[in-house]
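Take a look at this single chain in structure tokens; it is the form predicted on its own.
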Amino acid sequence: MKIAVCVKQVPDSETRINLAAPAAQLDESGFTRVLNPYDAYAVEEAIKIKEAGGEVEVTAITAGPAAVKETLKKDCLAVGCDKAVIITDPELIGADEMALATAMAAVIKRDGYDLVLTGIKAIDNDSGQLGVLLAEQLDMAHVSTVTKLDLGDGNLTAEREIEGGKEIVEASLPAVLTCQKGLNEPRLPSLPNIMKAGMKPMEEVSCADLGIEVPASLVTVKLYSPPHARGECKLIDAEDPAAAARELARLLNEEAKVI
């Protein structure tokens, strides 16, 4: 079995964004970049399938500049992925999900995979579209928000989250799955494995190498704006709870005008 894990390098959730005024671009010079946390569940699930036995090869696929190599090495190859593919076209930096899906689908079509895993969304834009776009372009079955997975002979059974409950879905392979928190507990790489990961294959390709033109983004960000400043907090000073409630209702009605 060949498994592809589509991953993305994103700004760390603790990275501070400095934006004093509206701007067309963010200053990303001080950003710390990490593997998208939801993609870590996809990587872990692929490694668990590999460890369960059988001939399984796991490939991490991403798009980005040379800086993505360290993330692939530490968070993909060092925890068990066999190799990585990086699509290096500069035009794909900051591209939307349609462009990324088109480029990644070209890699997947070229190499042929039985199972494609990715996170439910990337924390930088929260769009959650990559998985379904990949499935559409690859003409594969698609199951989203997977929290449990069992593989059979040419098929799978997945448990996924729905509003107010869970849903059990059966699908045939090949398939694309998006992975959600709760599917597993991603492991941390050990120092010896990080050192060994440097010897694993890491292929760099361009869209031209894949036989396609660089896909254009259909969505572009025109402007980033800082949030509006918060208004002053007004405290109601009253020992009587009933009086405090009346005063709160009056302020919400007359000043805030929300009731």
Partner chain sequence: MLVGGDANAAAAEAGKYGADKLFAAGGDELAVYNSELYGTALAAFCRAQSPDVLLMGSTAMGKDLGPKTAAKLGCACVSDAVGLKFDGAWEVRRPVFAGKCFTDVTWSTATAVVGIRPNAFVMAEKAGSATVENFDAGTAGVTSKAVVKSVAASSGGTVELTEAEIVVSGGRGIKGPENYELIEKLAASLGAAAGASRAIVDAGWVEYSHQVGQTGKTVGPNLYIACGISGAIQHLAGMSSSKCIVAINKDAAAPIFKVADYGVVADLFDIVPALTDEVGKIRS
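Positions refer to the first chain, counted from 1. In this text the structure is predicted, and so the values were computed from the model without any measurement. Between two forms, the rigid core is defined as the largest C-alpha subset superposing within 1.5 Å.
The protein also exists as the form predicted in complex with its partner chain; that form is not presented, and the subsequent description refers to it.
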property	result
26, 195, 212, 66 - the one with a heavy atom within 4.5 Å of its partner chain in the predicted bound form	26
Answer option from 109, 83, 187, 160, heavy atom within 4.5 Å of its partner chain in the predicted bound form	160
Candidate site 128, 181 and 230: all three near its partner chain in the predicted bound form by heavy atom within 4.5 Å	yes
Candidate stretches 87-95, 111-119, 166-174, 74-82 - the one whose heavy atoms come within 4.5 Å of its partner chain in the predicted bound form	166-174
Residue 234 within 4.5 Å of its partner chain in the predicted bound form, heavy atoms	yes
Contact flag, residue 32 vs its partner chain in the predicted bound form, heavy atom cut 4.5 Å	no
Partner contact for residue 148 in the predicted bound form: its partner chain, 4.5 angstroms, heavy atom	no
4.5 angstroms heavy atom contact with its partner chain in the predicted bound form for residue 52	no
Residue 14: Cα shift of 2 Å or greater between this form and the one not shown (core-aligned)	no
Threshold 2 Å Cα movement between this form and the one not shown for residue 196, core superposed	no
